[in-house]
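Before any questions on how it binds or moves, here is one chain, the form predicted on its own, in structure tokens.
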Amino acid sequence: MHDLKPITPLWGTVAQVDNIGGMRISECPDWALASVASRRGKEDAAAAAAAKFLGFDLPDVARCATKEPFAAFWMGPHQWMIEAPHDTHEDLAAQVTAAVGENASVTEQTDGWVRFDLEGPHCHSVLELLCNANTRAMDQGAALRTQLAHLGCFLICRKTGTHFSVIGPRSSAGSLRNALITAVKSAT
């Protein structure tokens, strides 16, 4: 029998946290992810089924919605990413599939992405060095796709001005962390 041990996107057994100049960069491996794409002609039924499962309506364009234990953010027309704590929703994709049935296509995304949370008073200055998103115009619940350090990422405002999540390709976790650290050092 195999004796496999889980590792984080940064190849650790525990999440990496960096505190630099009053800013905190946290690797957040404890989230399960599943993408949902409504099937053609079943958009309303998919949205209704997802809302029933999540306990809230799927968010509109460039928005994120949250109600414990779930969060969802808009990815594109009739497409969303669903987040939930991994410990209680390891099979999130299967749960969402059961909820939406034939109305949407659901894909397991957990191991394809890395999430870093950036917290502190200099978030805007840091992110201005890395991407062209107007973070100063983003309020809590804003979510968008952008290029961050030349990587296609999602940027979610968790708390206006002081807490953002960066969700990028897991295969580039080290590069993304390095870019965040370098920008924090430059901005603080």
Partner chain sequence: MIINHPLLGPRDAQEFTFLGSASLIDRPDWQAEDALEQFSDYTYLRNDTGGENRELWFHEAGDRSWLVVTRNTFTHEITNVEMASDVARARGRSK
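Numbering follows the first chain given and starts at 1. Please read these numbers as outputs of a predicted model, since none were measured by experiment.
Not pictured, yet referred to below: the form predicted together with the partner chain.
Proximity of Asn19, Cys64 and Lys159 to the partner chain in the predicted complex is absent: no residue of the three has a non-hydrogen atom within 4.5 angstroms. Heavy atoms within 4.5 Å of the partner chain in the predicted complex map, among the stretches 27-35, 159-167, 54-62, 115-123, onto 54-62 alone. The partner chain is not drawn, but in the predicted complex it has no heavy atom within 4.5 Å of Ala49. At a distance threshold of 4.5 angstroms between non-hydrogen atoms, Gln147 is in contact with the partner chain in the predicted complex. Within 4.5 Å of any heavy atom of the partner chain in the predicted complex lies no heavy atom of Ala99. In the predicted complex, the partner chain sits within 4.5 Å of a heavy atom of Met75.
Contact residues in stretch 5-42 (any heavy atom within 4.5 Å of the partner chain, taken in the predicted complex) are limited to Arg40.
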